[in-house]
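Okay, so here's just one chain, in structure tokens, the form predicted on its own.
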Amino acid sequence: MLRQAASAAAEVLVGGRGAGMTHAWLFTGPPGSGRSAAAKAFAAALLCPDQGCGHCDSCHQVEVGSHPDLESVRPQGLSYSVKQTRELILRAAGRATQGGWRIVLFEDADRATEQAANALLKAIEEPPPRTVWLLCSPAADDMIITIRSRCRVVTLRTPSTQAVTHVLTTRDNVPQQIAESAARAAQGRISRARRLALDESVRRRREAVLSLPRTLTGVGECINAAERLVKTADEDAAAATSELNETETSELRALYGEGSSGKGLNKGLIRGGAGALKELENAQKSRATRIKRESLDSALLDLMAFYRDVLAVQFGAQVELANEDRRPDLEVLARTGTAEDTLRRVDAILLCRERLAANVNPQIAVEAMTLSLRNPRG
């Protein structure tokens, strides 16, 4: 299906020889909609001599990220700086090595700072003749209006549970029952569904999060629950970054000659490495903070889906429940509270997400949320 979409896009939009090709595209859609995958498929269609056949060397290079005419960028930290953007623009200005398109695929482009966005705007306004920008963001409104007005917007939607289940069973050979459960829990996010289906530790962590609502009967329990959530996020960040941080730091130290000796050693080079090391440390901290936030946000989304299911049970709505396997817990909370209580709890989770995005201390933000989720009637 992806191959057919890519081929059709190339045929319709490139117009055979690229006549009238739009030089800037904005792929938008909620988590799980596949905006990055769609942008990559479109890039493959532009670079492939057969408009995205999926089998040639060019398509394979795009898939693994090694194509010389495709520059792929995904911010590792909380934001993408103006310095990084200017460096990206310089790389994008180069001539295509294979004589076709020079493509820049910018994932999470909404993370560009205000100055970075202004620099990006100028590059989009005056692009080299054969350069195409493919930007990805959750919504068009996440980009400044001057950028989105110069892009052709492609809006994607979240795939259905059935579609995600099909992907898991056919591509990853996941048993039908596990695939269905993971697809429901992931609410259309394919990457999340794959982790749930293939990683037992991810499933255990989700179960631990979903077990929290019935335990939040007192202030002490709420504080302890918040501490566990934040601690788990810290552990995720440490596990994902510790080894990488050590490798990056040792490589940079070696680059600047630290640990070397001899008459020919440039002492100024070693001293100059201090600034580079400081910059690297800041980037590593930003990356760890982003991973921690993403871990917490995943837990908050699971909690929000749980309370959405409670609300559905309270209203007797005939809708698919993301947490059908926890129906007894849903029914207990539905009986012991009102719909207004449930909506108030959903609002508390949304407020926590907003506070975390605004750099509020995670422990404080999560404690405030769990206290609002408290269910004294247990």
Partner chain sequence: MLPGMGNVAAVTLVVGDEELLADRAVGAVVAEVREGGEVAEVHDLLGGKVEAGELTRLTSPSLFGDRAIIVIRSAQDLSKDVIAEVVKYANNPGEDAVLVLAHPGGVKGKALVDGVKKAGARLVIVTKLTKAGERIDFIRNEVRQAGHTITPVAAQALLDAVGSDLRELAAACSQLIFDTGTKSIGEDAVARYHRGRAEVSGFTVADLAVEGKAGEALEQLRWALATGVAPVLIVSALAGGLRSLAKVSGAPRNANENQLASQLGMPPWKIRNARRQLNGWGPEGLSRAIQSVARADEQVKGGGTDPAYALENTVQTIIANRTGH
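Residue numbers count along the first chain shown, from 1. Small disclaimer: the values here were computed from a predicted structure and weren't measured.
Below, we refer to the form predicted in complex with the partner chain, which is not included among the displayed structures.
Exercise. Taking the partner as it appears in the predicted complex, which of 222 to 230, 102 to 110, 190 to 198, 78 to 86 has residues with heavy atoms within 4.5 Å of the partner chain?
Worked result: It is the stretch 222 to 230.
Exercise. Could you tell me if residue 24 has a non-hydrogen atom within 4.5 Å of the partner chain in the predicted complex?
Worked result: Answer no; every heavy atom of residue 24 is more than 4.5 Å from the partner chain in the predicted complex.
Problem set entry | Partner contacts in the predicted complex for 348 to 372 (non-hydrogen atom within 4.5 angstroms of the partner chain) | Sequence-ordered list: 355, 358, 359, 360, 361, 363, 364, 367, 368, 371, 372.
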